[in-house]
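To begin, one chain is listed below as structure tokens, in the form predicted alone.
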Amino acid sequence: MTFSFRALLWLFSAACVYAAPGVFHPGEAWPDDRGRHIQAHGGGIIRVGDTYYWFGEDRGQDNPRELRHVGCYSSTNLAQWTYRNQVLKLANPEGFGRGWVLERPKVFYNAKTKKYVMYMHIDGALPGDGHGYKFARVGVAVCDTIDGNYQYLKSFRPLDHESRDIGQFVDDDGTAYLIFEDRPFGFRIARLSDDYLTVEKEICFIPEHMEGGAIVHYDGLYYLLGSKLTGWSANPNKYATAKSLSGPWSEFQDVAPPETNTYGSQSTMLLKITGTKTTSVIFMGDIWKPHTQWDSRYLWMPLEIGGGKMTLPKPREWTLDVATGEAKISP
């Protein structure tokens, strides 16, 4: 009986820890369970059960230069993260020169094949060309487990279009989409195939020169957010709304005062948290440090959203209760 009582007490304590709201400090160093700054830049998040998994570019100083890495972390409250694995350690897959890139990895779970499928921006110089983002493809890797070692399969141009910065979106009905920047034309939203290994159909083309695409479906409207094409430099991110992914989309508006350049960040994902009391939408952004990329920071803030309006508040400490969905910003 004594053992059972202690076990129950431990379970109750663990539940209380889980239920405790996570505390966020936008722009500050964000340590994982090892005390190291999280390496998940340009990332995305998926949820499995009560656990969230964050994937992103691992730009750690100690990584071998000839490889590109994707980091994976897990959390139950979105504030405290446990390091899981460098799920991808990729050698030059297409014979690029030294400056080839792997950017913005996003992972989907395919219930039909029971595979985890990672999309990423793969780029570099074309043969005979000294530099530049000319390859403009998506890469695909798969794994049987969410935090295992992913196997790189291929790269391709989705529907024969150029693709640079990518975003992911899974609608409320479970349909998976890829958002990609097709320079010099604009944004494209496309549905993935049944096995998620390719892009099946274009849903919408938006003739805006933007990247860092992110979508959320909230209260009957789709909100599409993106960044202008200014490289590492921050700019005023803008959003539009539509009743359908196929459009028509509204005029783009600033998500934050334009003079703040989105508070120095660039969009990477809009994360919807549906709880027992309310639904919150979290802006996930990167504060890039091009000369010390391993120290690039993260700006996560709950958005003011509804009725076709979306506003990113000035960054400051805030809390999130993932069970209730309540986000509270400090005064």
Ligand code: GAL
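Residue indices: 1-based, along the sequence shown. On a predicted model such as this, the values are computed, not experimentally measured, just so you know.
Below, we turn to the form predicted in complex with beta-D-galactopyranose, even though it does not appear here.
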Proximity to beta-D-galactopyranose in the predicted complex, single hit among D254, E200, E208, E103 (heavy atom within 4.5 Å): E103
Residue (of G99, G231, G148, G186) lying close to beta-D-galactopyranose in the predicted complex, criterion heavy atoms within 4.5 Å: G231
Partner-facing stretch of 140-148, 110-118, 231-239, 88-96, counted where any non-hydrogen atom is within 4.5 angstroms of beta-D-galactopyranose in the predicted complex: 231-239
Exercise: Y133 in contact with beta-D-galactopyranose in the predicted complex, heavy atom 4.5 Å: yes
Touches beta-D-galactopyranose in the predicted complex: T262 (any heavy atom, 4.5 Å): no
beta-D-galactopyranose contact at Q266 in the predicted complex, heavy atom, 4.5 Å: yes
